[in-house]
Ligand code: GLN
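Let's start with one chain on its own, the form predicted on its own, as structure tokens.
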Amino acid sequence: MNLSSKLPHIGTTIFTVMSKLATDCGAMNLSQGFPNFDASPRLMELVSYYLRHGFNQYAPMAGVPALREAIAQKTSDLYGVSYHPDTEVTVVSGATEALYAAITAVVHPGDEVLLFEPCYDSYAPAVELNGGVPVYVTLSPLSARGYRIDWAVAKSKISAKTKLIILNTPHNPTGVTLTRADLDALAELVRGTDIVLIGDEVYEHIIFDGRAHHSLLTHTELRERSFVCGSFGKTFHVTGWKIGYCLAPAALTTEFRKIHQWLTFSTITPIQYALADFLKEPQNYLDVPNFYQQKRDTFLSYLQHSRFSYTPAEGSFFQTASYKTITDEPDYDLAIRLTHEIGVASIPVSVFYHQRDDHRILRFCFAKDDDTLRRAAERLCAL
């Protein structure tokens, strides 16, 4: 069979590679972004209730009404913004599906899509599968602004073919967050154009040191042209459930659902009902920032006597750390070696750049129990 690959330059995702290597080596997995602790017992009880009481058939394509209403209410409570649960809120099988559906809904062959790298590795393949052309704005820790966006550079990348801009805040892998000034600069950039925006905001509740989450939906000009993607898996420590949502104006949601219905059609029913009940108590998500800030601070307190250098993450599950004073090895090689030799798996940040820019930085996931963080840091400090 002569099969022509639609993604000939794409291999297996780094998350699969490193997680498998961690398992094979018996290493502590600080690579892939998933917690190694369980969710709230109350949430588990709710899921069990709905599993046992007949809520096990197809959910409506757009999501269980009770959950869409709960998402709309949460959004209103947190940001003072109204989304209609029937026409502007869609429940999906994970935020990666939401991203793919949103990209597919608007990108046509030849359209350009602005990506800020380092970026999550699903963006560019989804663009390419739809015939789009990724255009990169490269952020470097070595620049005067660090990983902050230089909006003058972003403006220089805009052309008549630009259809879409994808932003991620809090950011994976760097842990940096967007500011209100960033949103204003973005609004100026797209004003008077038909450019659509996607906000990958799966870590919206995992933000630290009293910072506000500056979502695209909080900016009036941006909201009207934005898909905003969220994740219950990240917020409630249940990444294996693969359940998220997308908020967008009615016209964008209509196009989004046209794609969603052919990807997964609907999302697991009993968990939707459980989450709808769980969201009725706002403290269940309002406590999340402090919970993960303690995880970040615990990991960094153990790592402070190491030879790694770092700036504390502003949000997300992740802490990046430079190893320049330890070795000159390429980051991919070092990540593999440390998994084998000291039993700690990480992610080399170069994989998030399309040209594999290597600044000698590794990404560690601190969404782990304290004992795992302590033992992993002890081994890293011994380098």
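For every residue, the number given is its place in the sequence shown, counted from 1. Just so you know, these numbers come straight off a predicted model, no measurement behind them.
One more form of this protein exists, namely the form predicted together with this ligand; it is left out here, but the text below deals with it.
- Although this ligand is omitted here, in the predicted bound form all of N172, Y203 and F318 have a heavy atom within 4.5 Å of it.
- Of the candidate stretches 43 to 51, 30 to 38, 332 to 340, 61 to 69, only 30 to 38 contains residues with a heavy atom within 4.5 Å of this ligand in the predicted bound form.
- In the predicted bound form, no heavy atom of F236 sits within 4.5 Å of this ligand.
- Although the partner is absent here, Y120 sits close enough that one of its heavy atoms falls within 4.5 Å of this ligand in the predicted bound form.
- Residues of 332 to 364 placing a heavy atom within 4.5 Å of this ligand in the predicted bound form: R363 alone.
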